[in-house]
Structures are given as C-alpha cells and as structure tokens.
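So this first bit is one chain, no partners, the form predicted alone, shown in structure tokens.
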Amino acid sequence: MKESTLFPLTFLFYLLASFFYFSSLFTRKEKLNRTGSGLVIIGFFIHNLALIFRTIESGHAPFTNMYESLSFFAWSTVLAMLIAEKVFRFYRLSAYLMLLVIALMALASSPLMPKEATPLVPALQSYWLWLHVSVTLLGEAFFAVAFIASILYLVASAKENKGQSFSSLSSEKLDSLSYRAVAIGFPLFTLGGLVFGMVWANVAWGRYWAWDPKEVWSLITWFFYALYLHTRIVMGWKGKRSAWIAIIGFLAALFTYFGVNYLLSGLHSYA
C-alpha cells in the first residue's frame, strides 16, 4: 500500500471522527465522543503508516515540502490532542481541534500542494532536518491545543459571567489546560525552532543567525510564549490576559509557518 492511498484514508477517518464529536456536542450523548475518539485513534494509526511509507518512498524525512509538512503538522496536532484527551477527558476541545486537523489535511490534499517526492536541496540533506522540523511542529501542535483551549476559555468565561454553563469543564480548568499545553510546547519549540535551527544553520550556511524572515518570526513567536509564561509564573497573570497572549502567539506561529513561506523570501524559501 502506498502513502497516496493511506493519506486519503486517514483524512476519511478524521472526518468521521469530527462528525461524531460534534454530534455529541449537539445531542449530549457521551458514547458518540468515545466513538469519535476511537475513529481518531484508527486514523492516527493509518497516518503513522502513511508517514512511514512516505519516508520509505521518498528516501528522506516526511516534511521537506509543504504537502508533507502539513501532513506532519496534522499528525502532531492529533498526537497532542490525544494526550490532552487522555488527561482531561474533555471532548469538546477535541471537536474543535479536529477542525484544525481537517483544515490542514484539506489544504495538503488540495491541487495547490505538489505531492511528488523530489530530491532534497543540499541544505536539507542533514539529520538536523529531522530534529529541527519534527520537534518544532510538535511544539506548535501543543500551541494549537492552548489556542483552542484559550478560545473556549473566553467563551466559557463569558457564559459563566451570565450565570450559564458552557461544558463539563469550567473556565478555570480550560485556563489550566492552556497553561499546561504551553508549558509542554514552549520547551519543544525552543529546542526545535531555535536551538536545533541555529545549530543546523551554522552547519549549512556557516552562521548561527542570519535574520532570515523565518528566523525572525520564529523569534517573535517564541517571545509571545515566553511572555505568556513569564507573566503567568512571575506576575501571576491568569484568565483573559493569558488567553489572549496564547491566541496571538498561535496566530504568530501560523504566520511563521504559512505566511513567511509565501509572502517573504529568504533562506527558507525552499520550504
């Protein structure tokens, strides 16, 4: 079986899982959540196979072009979601995270994304590629969890102020989930996006930092999450202020991921 067959099959299971997650939101039937979770796990297993087959077929890491990167980002987000689901049993979060996963899978599936595996340019022919990209995207996947949790926090907080109930988890627990996700994602992003990236840059281009647009926006993203943790741990910020920092930080991460590739030219333009 080829990756070109496994990827659409993965997409199908993720779509079905989303249907059951959202059906549960409207019907309040808990068993639909468990069905959705089971379908996600099956889809995730197939997604693993797809990435393995892509690696074998291409002969290199499965995230060297935008199609592969989108697939791996979706995979990372599902992994982070399953971890959050295991810890919190909060399926409403899973429903909305799956919308992001489906958007990534749909974009990867579109004709706009060339899917042919091509030989790597010299700068990408390094084991640092595996470390830099994989760890960075795993970090951003946990930022995605914090992003969704922060949006749901703002909704839950607004409803609680009106004396209404939003879900089985309070706004306080959503705020805690966002913090835990950032606490996991930040060191991963720091290690993958900055440390491994700088080491690789020195190996490939003979310098650790070149103020390339991708480097600059990675640093901007890092500063947002450093601000989130600093204000929370040192200054005691919680709630809405932290939620907005997490939301803006993820938007900066998305611009670093998408916008820099298509709107700004630099050393990372081959991505």
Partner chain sequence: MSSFIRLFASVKAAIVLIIIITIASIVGTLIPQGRSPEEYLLRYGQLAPLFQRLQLTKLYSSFWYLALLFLFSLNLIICTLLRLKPKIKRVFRPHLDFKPSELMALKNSQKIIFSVPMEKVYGQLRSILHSYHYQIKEKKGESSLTLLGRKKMSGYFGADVVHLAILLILIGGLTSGLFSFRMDLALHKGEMATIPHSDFAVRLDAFTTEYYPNGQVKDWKSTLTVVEEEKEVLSKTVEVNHPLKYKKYLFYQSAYGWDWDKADLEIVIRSAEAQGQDKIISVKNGEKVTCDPNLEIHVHRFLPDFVLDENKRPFSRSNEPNNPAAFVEVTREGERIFSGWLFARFPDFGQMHPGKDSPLSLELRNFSASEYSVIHVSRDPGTGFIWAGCIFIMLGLALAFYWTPREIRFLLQSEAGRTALLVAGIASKNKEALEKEIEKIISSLRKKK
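Numbering follows the first chain given and starts at 1. If you're wondering where the values come from, they're calculated on a predicted model, not measured in any experiment.
Although it is not shown, the form predicted together with the partner chain is what the next lines describe.
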Residues 100, 158 and 161 all lining the partner chain in the model of the complex, heavy atom within 4.5 Å: no
Heavy atom within 4.5 Å of the partner chain in the model of the complex: which of 83, 183, 131, 151? 183
Checked 240, 34, 29, 230 for heavy atoms within 4.5 Å of the partner chain in the model of the complex; positive is 230
Among 69 to 77, 91 to 99, 107 to 115, 190 to 198, the region lying within 4.5 Å of the partner chain in the model of the complex by heavy atom distance: 190 to 198
Give a yes/no on whether residue 38 approaches the partner chain to within 4.5 Å in the model of the complex, heavy atoms considered. no
Taking 4.5 angstroms as the cut-off for heavy atoms, does residue 56 touch the partner chain in the model of the complex? no
Please run the contact check for residue 244 against the partner chain in the model of the complex: heavy atoms, 4.5 angstroms, yes or no? no
Does residue 202 reach the partner chain in the model of the complex if we count a contact as any heavy atom within 4.5 Å? yes
Taking the partner chain in the model of the complex and a 4.5 Å non-hydrogen atom cutoff, the residues of 214 to 241 making contact are 216, 217, 220, 222, 223, 224, 227, 229, 230, 231, 234, 235
